[in-house]
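Below, in structure tokens: the form predicted on its own, a single chain.
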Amino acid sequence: MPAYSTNIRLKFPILALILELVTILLYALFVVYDDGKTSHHEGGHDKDNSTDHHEENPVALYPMFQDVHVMIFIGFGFLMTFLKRYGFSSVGINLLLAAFGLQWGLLLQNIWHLDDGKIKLSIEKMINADFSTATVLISFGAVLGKTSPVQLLIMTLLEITTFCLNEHLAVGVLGASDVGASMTIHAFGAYFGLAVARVLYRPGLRNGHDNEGSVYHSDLFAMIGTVYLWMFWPSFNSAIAEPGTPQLMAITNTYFSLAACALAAYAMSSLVEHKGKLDMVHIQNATLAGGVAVGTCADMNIGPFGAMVIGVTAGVISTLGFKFLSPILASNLGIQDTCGVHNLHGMPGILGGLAGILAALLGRKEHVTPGIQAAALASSLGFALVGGAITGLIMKLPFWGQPADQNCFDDSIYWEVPEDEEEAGESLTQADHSKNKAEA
């Protein structure tokens, strides 16, 4: 492993300010307030809907927007705080990437739908911008602890660009139905992150790292993220659904899928763990898989029982993935997936895509065909893997301030950390070493 310089005093401010200045310039040229006079369909994620989402009340969607916003900034941020020495980075870098990503995403998502050469800003477009940011935060989980803020800003820039291209093809051109974005956000974000993680593979971490674990309070903080995501996921899957019955179905299907998934995840965790004990990693993550998996067909007439079946299946495969598949990916394929995004977003995202294909085959939504749904799933996986590999190669260049192996999963490399916390971390590391020697 080469010795990298982790001093980002010039690299990070210069990159961050250049990206923001370019974004401001583009907003000055292209973005205006929505005056309500547009009559054509607004650009957005769910372009298969034929109706205009513009409301008489321009802030009618604001409660949904705030729910999604909470998921992005609190849910995703705190979900990644399980690492015992990486809480500042989990929450803090999450905020950084989301703050840039939502600005960049709004521009690129709507570049295909200019109105007199302008992007007319609305709450729906802001929701879609948050959705684009979610893909980056999913991928962030795969490389958590092993990358610098500079690398992650570059990943945000490239991933959202790739995401918008795929979204335009899958939903805008092909006309696939993916209201909760199982395919275009979750599967895409997971496999993009896994491709990046594979390119950035660190042989020195194949046997783990002292800081690549949790402590009691860090797992408790991560559960805060889990609970926020679990509570607000119905809004995520229904925010841009067609108003009326489809939106109601999206809410209720997500609601029951999550509930069934939680029971399945708890049951499977007890089944596969020693003496039937529950594993907090499973509870933090697999309980959310139902929200991911039901996304594609959330607004389809699958019935509450159908949503429950999807939720149970998602909970089972996600828990089994954390227990058995993650070690295989790390040891055999060189994919070091820090947060297990393959188990929470990747496999459930594919499950959601397959459920959407089946629902289309059964005629659960008008004007939706299984062939188009399958093409959208294939497109999302293809763009993710190719885009992630290219992005990983760019991030691997040796001057982005990435940490050396021994400095991974440690906030003190890029943050000012209180001295007592540093001392506690050193004591904890020494205690771990002593415990390992005693066990040996």
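Keep in mind that what you see is a predicted model, and the values were worked out from it rather than measured. Numbers for residues come from their place in the sequence shown, where the first is 1.
Keep in mind that the form predicted in complex with another copy of the chain is missing from the display, and what follows is about it.
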- Interface residue in the predicted complex among 326, 162, 301, 369, criterion: non-hydrogen atom within 4.5 angstroms of another copy of the chain: 301
- Message: Is it true that 175, 350 and 360, all three, sit within 4.5 Å of another copy of the chain in the predicted complex, judged by heavy atoms?
- Response: no
- Only one of 341-349, 230-238, 167-175, 134-142 gets a heavy atom within 4.5 Å of another copy of the chain in the predicted complex; which is it? 230-238
- Message: So, residue 406 and another copy of the chain: in the predicted complex, are they within 4.5 Å at any heavy atom pair?
- Response: no
- Task: Using the partner position in the predicted complex, report whether residue 378 sits within 4.5 Å of another copy of the chain, counting heavy atoms only.
- Result: no
- Task: State yes or no: in the predicted complex, is some non-hydrogen atom of residue 383 no more than 4.5 angstroms from a non-hydrogen atom of another copy of the chain?
- Result: no
- Would residue 270 count as touching another copy of the chain in the predicted complex under a 4.5 Å heavy atom rule? yes
- What residues of 307-340, in sequence order, lie within 4.5 Å of another copy of the chain in the predicted complex by heavy atom? 308, 309, 312
